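For reference, the chain that follows is the form predicted alone, supplied as structure tokens.
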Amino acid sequence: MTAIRIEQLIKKYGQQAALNIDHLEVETGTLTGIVGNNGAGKTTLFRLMLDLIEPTGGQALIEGKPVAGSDHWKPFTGSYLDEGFLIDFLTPEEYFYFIGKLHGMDPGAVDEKLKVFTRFTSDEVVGQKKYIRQLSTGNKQKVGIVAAMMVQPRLLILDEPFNYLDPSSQIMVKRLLKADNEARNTTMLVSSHNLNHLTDICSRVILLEKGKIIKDLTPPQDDLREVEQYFSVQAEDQGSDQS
């Protein structure tokens, strides 16, 4: 079954195309990685899929229905793109209860779901009597990831979840994502600048550059060295431009 379908999706700012994807399908239960440099279009793609911005053309569909102007996908979708998703005058606990209530969960159910993330949040997020705005950038990132995952969505979208996290927390995020995908057949889209993070957990990796899909690979069967070579060439070209 197709969970996500993209059809001739275009987003332009002026004459500049930030995204131009002719066709893309994501099957239910797949853990798909989107990798690309800054400005590749990863966040634009996710914002279009979450109906946060309007496309210039085309459409994104979730479970066969257009996302734009519809609410059908919201009850079963969890997402975190950046700090703008957080309500920074709440404590993490208040925020978790708020998100839980939106998904029909009472505080007791939220507390139960949060137990899965105890090691990930450690003693730095819950029980600190701090507002979200008082947390470090890394701990804000943890709040956003936990809030998106604790509601056990059928579809999970995370933009650069490994950013701002220490190495141990990055490993824990990968384990949490992999475990949830395998246990509940959750469809996941996860973006990153770091190819290695994605190849560790993803069954499919899509390389996005200048708003277009350049490569669509299935690790470990596909040889990912060509993607590494692509980024190496890009780095060399940038170095030449600056010299």
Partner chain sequence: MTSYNIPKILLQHGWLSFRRAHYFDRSMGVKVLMVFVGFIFIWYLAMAGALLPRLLVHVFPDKEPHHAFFSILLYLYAADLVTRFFVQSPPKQLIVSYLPLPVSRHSLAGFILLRGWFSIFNIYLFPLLIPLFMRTLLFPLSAGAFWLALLGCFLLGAVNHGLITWFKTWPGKQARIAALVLFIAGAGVAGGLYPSAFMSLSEQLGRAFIAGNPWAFMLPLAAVIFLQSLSKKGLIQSFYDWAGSGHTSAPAGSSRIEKFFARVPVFGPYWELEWKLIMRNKRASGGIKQWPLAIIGIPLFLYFAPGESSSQYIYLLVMVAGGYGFYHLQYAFSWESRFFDLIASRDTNMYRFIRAKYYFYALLAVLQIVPMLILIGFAAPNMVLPMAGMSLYVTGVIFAFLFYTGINNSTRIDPNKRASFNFEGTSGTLFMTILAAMFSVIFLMIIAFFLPFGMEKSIALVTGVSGLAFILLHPKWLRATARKFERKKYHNLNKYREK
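Everything numeric here is computed off the predicted structure, so don't read it as measured data. Positions refer to the first chain, counted from 1.
The form predicted in complex with the partner chain is left out here; the points below concern that form.
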TODO: Kindly indicate whether G69, S79 and H103 are, all three, within 4.5 angstroms of the partner chain in the predicted bound form, using heavy atoms.
DONE: yes
Open item on the list: I'd like to know whether E94 contacts the partner chain in the predicted bound form, with contact meaning heavy atoms within 4.5 angstroms.
Closed with: yes
Open item on the list: Although the partner isn't part of this model, could you tell me whether D111 comes within 4.5 Å of the partner chain in the predicted bound form, counting any heavy atom of the residue?
Closed with: no
Open item on the list: Using a 4.5 angstroms cut-off on non-hydrogen atoms, would R133 count as touching the partner chain in the predicted bound form?
Closed with: yes
TODO: Considering only heavy atoms, tell me if Q170 and the partner chain come within 4.5 Å of each other in the predicted bound form.
DONE: no
- [ ] Would you mind picking out the stretch of 205-213, 189-197, 52-60, 24-32 that comes within 4.5 angstroms of the partner chain in the predicted bound form, counting non-hydrogen atoms?
- [x] 52-60
TODO: Counting only non-hydrogen atoms and a 4.5 Å cut-off, give the residues of 173-191 close to the partner chain in the predicted bound form.
DONE: none
